[in-house]
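Next comes just one chain, in structure tokens: the form predicted alone.
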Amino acid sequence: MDSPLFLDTHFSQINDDQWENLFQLSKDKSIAQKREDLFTGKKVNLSENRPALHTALRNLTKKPVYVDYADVMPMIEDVWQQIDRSCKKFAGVTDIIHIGIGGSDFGPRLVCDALKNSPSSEKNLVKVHFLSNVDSSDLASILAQTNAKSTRIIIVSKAFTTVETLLNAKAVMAWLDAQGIQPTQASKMIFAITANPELAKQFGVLDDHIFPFWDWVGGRFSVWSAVGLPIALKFGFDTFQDFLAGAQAMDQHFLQSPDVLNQPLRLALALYHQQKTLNVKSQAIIPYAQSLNLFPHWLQQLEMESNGKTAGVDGQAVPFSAPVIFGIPGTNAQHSFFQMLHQGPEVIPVDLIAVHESMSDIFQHQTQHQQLWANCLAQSEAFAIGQGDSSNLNNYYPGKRPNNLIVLPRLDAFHLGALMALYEHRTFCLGVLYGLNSFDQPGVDLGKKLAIPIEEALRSDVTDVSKLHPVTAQRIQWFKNPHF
């Protein structure tokens, strides 16, 4: 099946024989069977014994998808209807504060930012504020530009126990109280997206203000669920469905296209080959579209939380896993770290993401868009081909820097959904190639556990050092009695 996007891997530094070997590797690793398992609700998240069914969230065909012999599509359709109803109920709302962190924040924040200048997106006047960092300055900045009486608060937490999210939520509720909002009125202003409705109700969220979330949806794959509610509230439910439709189109391409044309698989095989043969440790993601400014940030979590692992599914150490993902939009990146990409001793593959149509209609927009495209194509060629005499290293561009070109026909909800799904499936394929589970994240737990006694010590007048590392204990004492 054709892809909604264009992918050019001519500068990937992989020859035909190598591609043939890579496609054989995908067969040896049973990627096709594991892809089928992913889409049909098999328990691919082995450590937690659950499926990873984010693809069902954008299954607009409503074809049954089963988890433990129960079709989940009726539940998903109910949420679509709940989102649609909410779009119609938010008339008169001026501000939405979306409180979440990690996967509860990156996806909807990216989409709302990317589509804000899209000519094809319906827009309303509601302002969506994303609150994630527990740093109170983030909260203060949002509250300073928000009208309390016409605000709605969305709290997103899968277990409804996320420390940063609940602390921020309590702070916002305290602000409403300070603004003279009575508790009965405040309860009508808050909404929750969670897999733990009981805790949400204990917090004060009304029954019909709770949107369900399921344990078979990982946070970093959740933007297609009710977590994407701000997208619908800002741009309309039709736009949200277009976003789902674009992702579903990429799902079908991933499922049905032969290996040689399969874009997520080609991207995964290319990066895997470069890691294995060139000892690659990082990858740059450069969108030649300012509206995709947050795309590398979203991809950092998707790739590095999914595949940044030591242990494979067999319990043994893997030789390598996720590279470090980084990037900012071109042409800004050219004046930042492209010097290193071109002439540094470490080879860093690059994905260049471009949009065919200009994002504006202002004076000279076409001239500027052509300049943007010229820069993108020139950098791609320079990475691959290089230039100069190696006897003069200062002016030598070694070339042979792998890079791919990905093009969206236009930056709208449909093609943004397709782009995000493209990289989701790349992440899945890479996890299979690495031999690890892409759907758990045990590495995030240690810091959370260590923070508990540290916070207790910071709050207490007396520090119980028995629970603390001596260096940490010294730092706490310094924090209480600083000397600069």
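In case it trips you up, residue 1 is the first one in the sequence shown, and so on. Since the structure is predicted, the reported quantities are computational estimates derived from the model, not experimental observations.
The same protein has a further form, the form predicted together with 6-O-phosphono-beta-D-fructofuranose, not shown here; the description that follows concerns it.
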From the list N262, N168, S104, N403, which entry has a heavy atom within 4.5 Å of 6-O-phosphono-beta-D-fructofuranose in the model of the complex? S104
Looking at N437, N59, S26, Q441, which has any heavy atom no more than 4.5 Å from 6-O-phosphono-beta-D-fructofuranose in the model of the complex? Q441
Heavy atom of D412 within 4.5 Å of 6-O-phosphono-beta-D-fructofuranose in the model of the complex: no
T162: touches 6-O-phosphono-beta-D-fructofuranose in the model of the complex, heavy atom cutoff 4.5 angstroms: yes
Though only this chain appears here, would K63 touch 6-O-phosphono-beta-D-fructofuranose in the model of the complex if you measure heavy atom gaps against 4.5 Å? no
Interface membership of R220, 6-O-phosphono-beta-D-fructofuranose in the model of the complex, 4.5 Å heavy atom rule: yes
At 4.5 Å between heavy atoms, only one of the stretches 180-188, 231-239, 263-271, 300-308 reaches 6-O-phosphono-beta-D-fructofuranose in the model of the complex; which one is it? 300-308
